[in-house]
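Quick setup: one chain, the form predicted alone, written in structure tokens, and binding and motion questions come after.
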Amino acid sequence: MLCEKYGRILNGDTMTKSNKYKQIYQELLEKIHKGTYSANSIMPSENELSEMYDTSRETIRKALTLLAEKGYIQKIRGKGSLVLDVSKLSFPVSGLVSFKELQRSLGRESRTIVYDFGLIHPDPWLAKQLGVDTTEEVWKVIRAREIQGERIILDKDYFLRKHVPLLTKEICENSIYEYLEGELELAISFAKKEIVVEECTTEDQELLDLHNDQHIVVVKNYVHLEDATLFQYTESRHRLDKFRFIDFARRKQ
């Protein structure tokens, strides 16, 4: 009995310590978002933070490491932790990721709002994008992505029903790709992307928080399965002031 009680005490103490760095991470993150620690400034040192939070340097170091992994700070030897400019969200150009996967890397409060969902027959323009005729059945999904209380992405997804027999609103509110790969076992392989700046439409104005913006960044995705079959066309419409589109390039000799 004594050993069991002692074990519970140890486990509880370990749990408290393991959670403390996450709590400190959240508090530091909130201060970065609020501008308490502004972009390009140096955060307090590990010693100073240890005193502020009445904890060990090891716990502080774990919290700072998590901030660095999420892209909020850059540790510079001899100087400390530099706060990075997070006013714009980094959006990978070359990757093929779902919004749910992007959410995890952002570390910000977000949700998906489904405005329109159902089966349609494509008009001639959409049929051309999908490489089918107008008699094909297509799933149409219109969703806004809200991050920290603002609707800043409008995703317009179209999936060929012959590859995606069933889709529900609940799936669309969660993660379509998680369902396609996990439940339907589709092998999603690659996408051709096109990035353009267009004038905002009435739909953009109604479904996004654009304020007075007149233009929007549109990422068009033509997504293929492993056998190179095109099964999805997407227009992902992003608010201009909230994103930077990043890629990695290596020069060939």
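As the structure is a prediction and not an experimental result, all values here were calculated from the model. Numbers for residues come from their place in the sequence shown, where the first is 1. Under this definition, the rigid core comprises the largest set of C-alpha atoms superposing within 1.5 Å between the forms.
If you look for the form predicted in complex with the DNA, you will not find it shown, but the lines that follow are about it.
Within 4.5 Å of the DNA in the predicted complex, a heavy atom is found for all three of 22, 61 and 80. Only one segment in the set 43-51, 189-197, 28-36, 212-220 has residues whose heavy atoms sit within 4.5 Å of the DNA in the predicted complex; it is 43-51.
Shown alone here, residue 70 lies farther than 4.5 Å from the DNA in the predicted complex, counting heavy atoms only. Under a 4.5 angstroms non-hydrogen atom cutoff, the DNA in the predicted complex lacks residue 166 among its neighbouring residues. Of the heavy atoms in residue 57, some are within 4.5 Å of the DNA in the predicted complex.
Put simply, residue 119 is far from the DNA in the predicted complex: not one heavy atom of it is within 4.5 Å. Contact annotation: of the candidates 111, 151, 161, 75, the single residue with a non-hydrogen atom within 4.5 angstroms of the DNA in the predicted complex is 75. Superposition on the rigid core between the shown form and the other one places the CA atom of residue 58 2 Å or more away from its counterpart. With the core superposed, residue 42 shows a C-alpha displacement of at least 2 Å between the shown form and the other one. Residue 25 shows a C-alpha shift of 2 Å or greater between the shown form and the other one [criterion: core-superposed Cα displacement of 2 Å].
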